[in-house]
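Consider the single chain below, provided in structure tokens and representing the form predicted alone.
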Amino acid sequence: MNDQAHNDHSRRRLIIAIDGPAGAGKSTIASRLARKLGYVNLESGAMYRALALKAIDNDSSLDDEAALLKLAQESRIQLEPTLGGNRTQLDGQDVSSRIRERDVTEAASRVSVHPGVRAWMVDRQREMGAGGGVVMEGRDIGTKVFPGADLKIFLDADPVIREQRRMQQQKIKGEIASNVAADLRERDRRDRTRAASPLMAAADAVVIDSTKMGEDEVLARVEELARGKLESARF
């Protein structure tokens, strides 16, 4: 291998997909891993949340696929990486905090079941991650958005543990931790049974069960896998 080819491999930037159910810790791990590697964290969920917020603000039905798709096509959704995580811009406005509120969270789950909306989102996500150097998390990144991703992780945990983690997150944010179990069960049902890209691990994904693992342990395992891919790409 000549020096130029070696340098090209050394500079190779991976596409990393992290999928899994709600409350599994995907967002935290993706964000921390991206910072570790110097990559961009493309959070697909934030994009669905931004569209859901626009639907709420426009009094659009969350069950009207045609209306939602029209809204999407008229929207400008951008993810801007910062040291503290992504900043989400909707039509030029910073909606990073607003899209984390409960009404938007619930609306995003309903918006995401529509095949036409998902197809539009997939096209945008592929455009954003085409150059590599990205960590992308969601429900169908390794199976639908980037089926050729260099590294695919399916992060899972026992439902009870996921409920406890989600309640803790809400308490830290000062939110009322109510109906967490019911909400997670409903989101799991929607994610796993929807017609378009149901939640499942890709055949070549590394499945990590974090039920008995701490956040730092999960991050260390994922980083080890990523650096192994980078190392093998050098030769």
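No experiment lies behind these values; they were computed from the predicted model shown. The first residue of the shown sequence is 1; numbering continues from there.
We do not show the form predicted in complex with a small molecule, though everything after this point is about it.
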- Task: Just one of 64 to 72, 47 to 55, 202 to 210, 31 to 39 has residues with a heavy atom within 4.5 Å of the small molecule in the predicted complex, so point it out.
- Result: 47 to 55
- Message: Given that the small molecule is not shown alongside this chain, does S112 nevertheless sit within 4.5 Å of it in the predicted complex, heavy atom to heavy atom?
- Response: yes
- Query: Might R100 be said to contact the small molecule in the predicted complex, defining contact as any heavy atom within 4.5 Å?
  - Reply: yes
- Message: Can you tell me whether R118 touches the small molecule? I mean in the predicted complex, with a 4.5 angstroms heavy atom cut-off.
- Response: yes
- Item | Non-hydrogen atom contact A108 with the small molecule in the predicted complex at 4.5 angstroms | yes
